[in-house]
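Single chain ahead, by itself, as structure tokens, in the form predicted on its own.
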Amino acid sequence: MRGKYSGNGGKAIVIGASAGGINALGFLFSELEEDFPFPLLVTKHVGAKDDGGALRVLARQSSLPVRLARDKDAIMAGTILLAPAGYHMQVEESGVISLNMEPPVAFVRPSIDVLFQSAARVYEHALVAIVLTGANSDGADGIRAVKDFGGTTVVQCPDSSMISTMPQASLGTGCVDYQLPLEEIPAFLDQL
């Protein structure tokens, strides 16, 4: 059975970013209010030996709690969970995170596609997926999956991306609902 989990009002936000993503995520997190009502699950491409530098930078810019996901973490409203280096992050039907070390997808682990596809199966129409700046095609298959399950898809305008390859790949799927400059994405999230 699909879509079993609907905690926290049912909605969740998944975000994928790669090259240039620290700046984009930092801006986005800094604009969200501390009472933001949905969980945010984030895959940012990082090297396998990342020591949590991205986490430290993003936590300083956010009024919401930001932390690295752990296996079996509960997905909670108003919390930002980042995929840790070297692990794919997935959403389970029971509303928890699972981490695995399966082979890279689109040459990366963690993979945006893995997160988006698993979240799409669980949240279906209550999922919002956002692809930000990046230098490969990761996220495009995930955007297709979110759309197939009835979710809402958003891509950062290539013109406002530090690296436009990832947004362009997602736009090429024909499955994007909204193409927004980075500066407009927080307002979009506020009106959900």
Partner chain sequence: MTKTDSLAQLEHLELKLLLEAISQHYGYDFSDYARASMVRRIKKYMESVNVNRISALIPLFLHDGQAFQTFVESMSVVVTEMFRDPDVFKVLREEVIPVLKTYPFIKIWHAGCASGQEVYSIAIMLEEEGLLDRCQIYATDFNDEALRMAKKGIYPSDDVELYEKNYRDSGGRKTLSDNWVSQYNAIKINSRFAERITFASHNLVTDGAFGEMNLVMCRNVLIYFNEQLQDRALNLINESLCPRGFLCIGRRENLTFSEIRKSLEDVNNKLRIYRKKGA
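Positions refer to the first chain, counted from 1. None of the values given here were measured: they were computed from a predicted structure.
One more form of this protein should be noted, the form predicted in complex with its partner chain, which is absent from this view; the next part is about it.
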Legend entry - Contact at 100, 117 and 148 by its partner chain in the predicted complex, all three, heavy atom at most 4.5 Å: yes
Inset, instruction - Would you check, heavy atoms only and a 4.5 Å threshold, whether residue 70 touches its partner chain in the predicted complex? - result: yes
Legend entry - Non-hydrogen atom contact residue 84 with its partner chain in the predicted complex at 4.5 angstroms: yes
Legend entry - residue 91, heavy atom within 4.5 angstroms of its partner chain in the predicted complex: yes
Inset, instruction - Examine residue 31 and determine whether its closest non-hydrogen atom to its partner chain in the predicted complex is within 4.5 angstroms. - result: no
Inset, instruction - Pick the stretch from 121-129, 162-170, 35-43, 58-66 whose residues have a heavy atom within 4.5 Å of its partner chain in the predicted complex. - result: 121-129
